[in-house]
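To begin, one chain is listed below as structure tokens, in the form predicted alone.
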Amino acid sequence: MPLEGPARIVSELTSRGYNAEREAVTHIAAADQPAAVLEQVVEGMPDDALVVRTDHVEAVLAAGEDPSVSTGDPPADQYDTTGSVPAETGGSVSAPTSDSEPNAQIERNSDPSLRSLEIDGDMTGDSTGTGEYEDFVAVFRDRLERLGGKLRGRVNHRPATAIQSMPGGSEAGMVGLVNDIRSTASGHWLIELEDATGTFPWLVMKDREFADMVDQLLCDEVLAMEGTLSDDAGIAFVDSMYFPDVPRTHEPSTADRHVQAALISDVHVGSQEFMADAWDAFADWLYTEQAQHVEYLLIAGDMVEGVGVYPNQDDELDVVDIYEQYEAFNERLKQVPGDLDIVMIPGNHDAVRLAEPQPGFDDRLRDIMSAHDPQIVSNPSTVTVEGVSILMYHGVSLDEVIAELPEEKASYDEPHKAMYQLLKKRHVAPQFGGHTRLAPEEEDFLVMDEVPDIFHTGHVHKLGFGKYHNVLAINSGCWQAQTDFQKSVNINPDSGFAPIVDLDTLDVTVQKFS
């Protein structure tokens, strides 16, 4: 039957200017004559309607299917899309044209009982910060309490004021925020920890085996130290140092069936450097047999290029109005199969506040980006897909991590290693007051309370992935060619890539479309 697949139904509705609710598509696909039902639904749609709803389809089905509608059953190839299939991890793909050879259509699993998608940590609508001093105190107290709880069982913890009153030579342990890091004239390291009661200095001797760990520290991260107080009890000599970290014994969850998710970011529609041909090839590929198990699309921010993000940006824009940029992005979103579950978070180029956590988009932008009914949540958020938890964070703090840490620990060429540092610190943006703008809230929404199975970021426009203590870290590249700014700082972006994750094994395949 020519119209039996949900992907074909969505493609046909999209070609006629309609989006559709998922359940509506399922009802059409389940009908005895789906093509006839679709035609009757379209003919009966109100003039001002843009979305085919379930009640539209149910009304047609309740009236009885009539195979004698004016158009009858369409030819078998009417709903085929065209375009070539890109070679895995390499090669180039030209944009499909109207006279291309049709690809065989594939059918994804449309059984809603087999899919599951839950959102955790979406703070949209829950922002409490007013910028008052008390807000800053609250967010750091919350950070220390939650991450400190993961460390207090590993050391004989004492508050700073209690350590100050202990006699010289005593063994001491403390959990606190890194308040200051400085080197001494002798090449040792002095680290000041702060908790709710005060501060206390800890000295890391340069000849200790863990001295190189100091290079990995950032101010404001939570840390635990153990050591021996000096004779005058004015300082402690560090014997051990602990991060909140991901346990080495972490065992990730996996899906119960073979299903895949496409993880992308940094589309940057509206930029003159937006790679439209690569996006077209990606959208075409999603309709092919190679992509038949891709049922989820997760977009980690920067859907558009934005306006006024940096000086003289107007000179590099193809679309200069921010709302028109989102309308153009929505048209691009319409190209992908409508039976995908789509989740997206904002980034620093999007029309939301720059300070993190970033709430999801406002109602006007959500109405614009309505194609295929995506779930739009805050940056960061955790998406649990068929039991696999995926922490989505746009990744602005990666710039700071890469700037502060040694190159072998964090670099643009290997962005996943910078992600490892955030996993070790169990916080997506630990350093306050640096380049990453952070909003004080009553709760620190940037803490990683639970260990994710997958950590997905973007922002730096570089492709990289690997595993840290069995957590899959993926930075997914971009869909924007090299900009003048990137040329000035010698960054060569990884453009037109789509990492595809097998959720049943957490294996990664990278598809290249440029």
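None of the values given here were measured: they were computed from a predicted structure. Sequential numbering from 1, following the sequence displayed.
Another form, the form predicted in complex with 2'-deoxyadenosine-5'-monophosphate (D5M), is not on view; read the next lines as being about it.
Taking a 4.5 Å heavy atom cutoff to 2'-deoxyadenosine-5'-monophosphate (D5M) in the predicted complex, the contact residue among D339, D284, E221, D266 is D266. This chain is drawn without 2'-deoxyadenosine-5'-monophosphate (D5M); in the predicted complex, the residue among A473, V460, V37, V52 with a heavy atom within 4.5 Å of it is V460. The candidate spot formed by D302, Y310 and D399 lies fully in contact with 2'-deoxyadenosine-5'-monophosphate (D5M) in the predicted complex, as each residue has a heavy atom within 4.5 Å of it.
Contact annotation for Y412: at least one heavy atom lies within 4.5 Å of 2'-deoxyadenosine-5'-monophosphate (D5M) in the predicted complex. Contact check for N348: a non-hydrogen atom falls within 4.5 Å of 2'-deoxyadenosine-5'-monophosphate (D5M) in the predicted complex. Shown alone here, Q486 lies within 4.5 Å of 2'-deoxyadenosine-5'-monophosphate (D5M) in the predicted complex, counting heavy atoms only. Residue contact check for H394: one or more of its heavy atoms lie within 4.5 Å of 2'-deoxyadenosine-5'-monophosphate (D5M) in the predicted complex.
The stretch from 176 to 184, 158 to 166, 126 to 134, 348 to 356 that comes within 4.5 Å of 2'-deoxyadenosine-5'-monophosphate (D5M) in the predicted complex, counting heavy atoms only, is 348 to 356.
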